[in-house]
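This text opens with one protein chain seen in two forms, each one given by itself as structure tokens under the names structure 1 and structure 2.
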Structure 1
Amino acid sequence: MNGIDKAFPGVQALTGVHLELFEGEVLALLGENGAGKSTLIKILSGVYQPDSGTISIQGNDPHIHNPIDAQAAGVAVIYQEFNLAPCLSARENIFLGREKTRSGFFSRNEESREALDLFSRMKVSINPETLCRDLTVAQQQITEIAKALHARGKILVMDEPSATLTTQEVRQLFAIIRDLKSQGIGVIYISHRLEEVFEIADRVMVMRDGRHIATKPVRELTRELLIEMMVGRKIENEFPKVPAAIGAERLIVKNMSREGAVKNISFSIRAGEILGIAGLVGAGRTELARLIFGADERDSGEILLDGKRVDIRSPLNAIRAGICLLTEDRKAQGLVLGLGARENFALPNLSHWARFMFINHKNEKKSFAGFVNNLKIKVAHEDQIVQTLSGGNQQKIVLAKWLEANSRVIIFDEPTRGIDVGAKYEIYQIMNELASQGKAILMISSELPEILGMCDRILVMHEGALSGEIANVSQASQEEILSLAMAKQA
């Protein structure tokens, strides 16, 4: 890709971007949210047309006007949100639009044999007739890769492929990627997890503000240099934890249970404390958060806030009591994607500006503008549709609405998933500020360096139960957390 320019109304998204990918290599494409990575990939995949610039694939200059043209040229993209039909089988998804037929009839046996062959090439065992909704996340991803291989993909773009995978599933994914490399397939790997970049990538391309900053071999880079290239400045401490004054117990959870998900969990969080919850995917961390917030019905359990028992049976009860939840999936559960930024901010707080059943929009806009300034939310205007914002700015919109609600307990479920290192740093600083104000923070994260870097105490879950507590975080290690996360409950 040479000299790629792309502008949207009021925004120059790409300026003279150059990308070069070789056969059989993994090129990590990195940059902060809003750097232009997604726009560049959408041009390569035919979703957008460039204003200027050229694309050449194996010496040919394909005219990519739409995704079908891109597929014909050998480009396949696996997005973070999979493009699979859940009610169809793995086989049907692989051959969707390219069905095998004989004399006008579908040849299911031939499709099944070819699907098994595709899975065999990746050294995995998946029943092709299993409905996609019944597959694990990792199996769905493998099905997406099989689709790309069936379409004779020469270039495979993977957007945040490890975001929802367990450590073991990530290892399996990397084994598949290495095998694809050996077949001459070029892989563009987009991720915010820098440790993965050093493990799987051959070269790294960094973008910032819609421009190509540099492309270098991985062996010439350090984590610190890579971060500096991405954000345009040095970040001395990736996890800027500032100790806050720890006060009295703010939130007490007693004997919280839900059949099949959470088993008799009790703990407390003090004012000014950041309590981390670690565990493998499926350990019950998110389920526990949803029970505290009233999003799911509990079988048993009691919640005390500042020493007083609160009856939380719904999210509305939790919001009124002063408990909020930044959900793991902000797009599906934390935001109304079709509404503007200010409208999303206002949704749980309309009573703040209501008078005689009318909303004082002047005060609403003033409140929102204050958070845009304080949280450094990058929006073109207050009515910008949140779906068009970067992941970091979407997360800040969610946080802003809960801060306006004056919540005393803030539950962060995977607060930095899918956001870049610069936005992560800003989220950490916001957490420090909230802790200094006496808020009680419950932080759920799959990133162990983040848990160790930002928390005062750590609870570890295994199969729905607490398997251990780490009080001296400064002396703890990732291995200690993983040991507890994999331990069987006595």
Structure 2
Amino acid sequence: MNGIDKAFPGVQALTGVHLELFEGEVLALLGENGAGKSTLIKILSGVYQPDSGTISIQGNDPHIHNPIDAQAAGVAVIYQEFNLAPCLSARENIFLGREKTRSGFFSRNEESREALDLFSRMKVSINPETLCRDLTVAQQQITEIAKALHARGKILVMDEPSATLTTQEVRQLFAIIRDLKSQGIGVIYISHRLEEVFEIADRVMVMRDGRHIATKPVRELTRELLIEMMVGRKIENEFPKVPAAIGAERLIVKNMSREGAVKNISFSIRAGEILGIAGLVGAGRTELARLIFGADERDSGEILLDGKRVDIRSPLNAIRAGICLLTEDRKAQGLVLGLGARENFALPNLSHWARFMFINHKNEKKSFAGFVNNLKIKVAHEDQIVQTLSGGNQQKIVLAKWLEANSRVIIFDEPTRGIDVGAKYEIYQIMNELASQGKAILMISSELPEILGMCDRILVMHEGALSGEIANVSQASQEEILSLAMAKQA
């Protein structure tokens, strides 16, 4: 791709971007949200047309005008949201639109054989007849890759493939990617997780504000250098941890259990403390958070807040008691996407400005304006639909909503997922600020550097139970957490 320009009404999305991908290499594409990565990929895959610039694949101009052209030219894209029909089997999805037919009828045996062949090439065992909705996320991803391979893809684009995978599944994915490399397929790998980039990529391309910043072999780069290139300025300390004064025990959780998810967990958090919960995906961390917040029904367990027993049976109880939860999936659980920023902010707090159900809009607006200022939320106007906001600003809206609710205990579930480096830094600062105000903070995160960088104490979960505690965080290492997280398998 050479000299790609793309403008949307009011925005110059791409300016003279140059991308070069060799056979059998992994190119990591990095950049903050809004840097133009997705736009570039959408041009490659034929969703958008460039205003100027050329694309050539193996020396030919493939004339990509729509996604079908792109497919024919050998470009396959695996988006974060998979394009699989959930009620069709893995085999049917792989062959969708390219069914093996014999005199008009598709031949199930032949398709089945080829599907198995594709899976075995990737060294995985998936029954091709399983319906896609019954496959795990990782298996669905592999099905997508198989679909791309079957379409004889020469270029495979993966948009944040590891975001929803467990550590083990990520290893499996990397093994598959290495295998694809050896078959001469070029892979464009988009991720926010820098560790992965160093592990899998051969070269790194960094974009910022719709421009191509640099493309360099990965061995010439360091983590700090990458961040600097992405943000455009030096970030002294990725995790600006400021230890706060630790007070009395704020939240005590005793014997929390839920069949099949959480096993008999007890712990406590002090005022001003940031407690991290680490573990593999599926270890029951999110489920634990939901139990504390009353989002799911618990089988047993009790919660003490500032020494007093609180009865939490619903999120409403939790909010009234002063516990809040920033969910890991902002779009599905944290925000009403079709409503405006202010309305989302106000949702749990309407009683603050309401007298017998009637909302005083003036006070509501005043309060929201205060948070927009303090948290530096970028909104065009207070009624901007939150769907149109960036991940970082969405997270800030959720944060503002719970700060207004004046919670004493704040549970962050993957607070920085899908958020770019600059906004991450701001969110860490807000966490520090909250801790210094004496709030108790529980942080669930799959990003080990983040947990190690921000927490005063770390709990590790494995298969629904606590498998260890790290009290001295400054001496701890990622390996230590990982070995605890995989306790029983190791």
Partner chain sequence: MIQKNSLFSRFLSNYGMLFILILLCVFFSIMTLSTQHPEGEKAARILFSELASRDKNAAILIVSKSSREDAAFSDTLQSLLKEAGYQSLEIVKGDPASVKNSLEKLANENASIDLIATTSNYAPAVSRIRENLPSLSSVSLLTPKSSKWPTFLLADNLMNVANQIVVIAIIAVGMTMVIITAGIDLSVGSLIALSAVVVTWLVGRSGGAGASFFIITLCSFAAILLCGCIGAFSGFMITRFRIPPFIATLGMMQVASGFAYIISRGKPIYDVPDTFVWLGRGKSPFLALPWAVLLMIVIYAIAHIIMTRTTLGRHIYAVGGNPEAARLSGVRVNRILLFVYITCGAMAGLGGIVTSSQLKSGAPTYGLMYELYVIASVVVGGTSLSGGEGKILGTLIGAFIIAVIQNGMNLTNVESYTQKVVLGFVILGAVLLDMLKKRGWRRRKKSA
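So that the term is clear: the rigid core is the largest set of C-alpha atoms that superpose within 1.5 Å between two forms. Each residue is numbered by where it sits in the sequence of structure 1, with counting from 1. Remember, predicted model here, so these are calculated numbers, not experimental data.
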> Which one here is the form predicted alone?
Replying inline: 1
> Core-aligned, is the CA shift for N349 between structures 1 and 2 2 angstroms or more?
Replying inline: yes
> Does the C-alpha of D420 move 2 Å or more between structures 1 and 2 once the rigid core is lined up?
Replying inline: yes
> Cα of D383 displaced 2 Å or more between structures 1 and 2, core superposed?
Replying inline: yes
> What is the C-alpha shift for N373 between structures 1 and 2, rigid core superposed, to one decimal in Å?
Replying inline: 3.1
> Superposing on the core, what C-alpha displacement does K362 show between structures 1 and 2, in angstrom?
Replying inline: 4.1
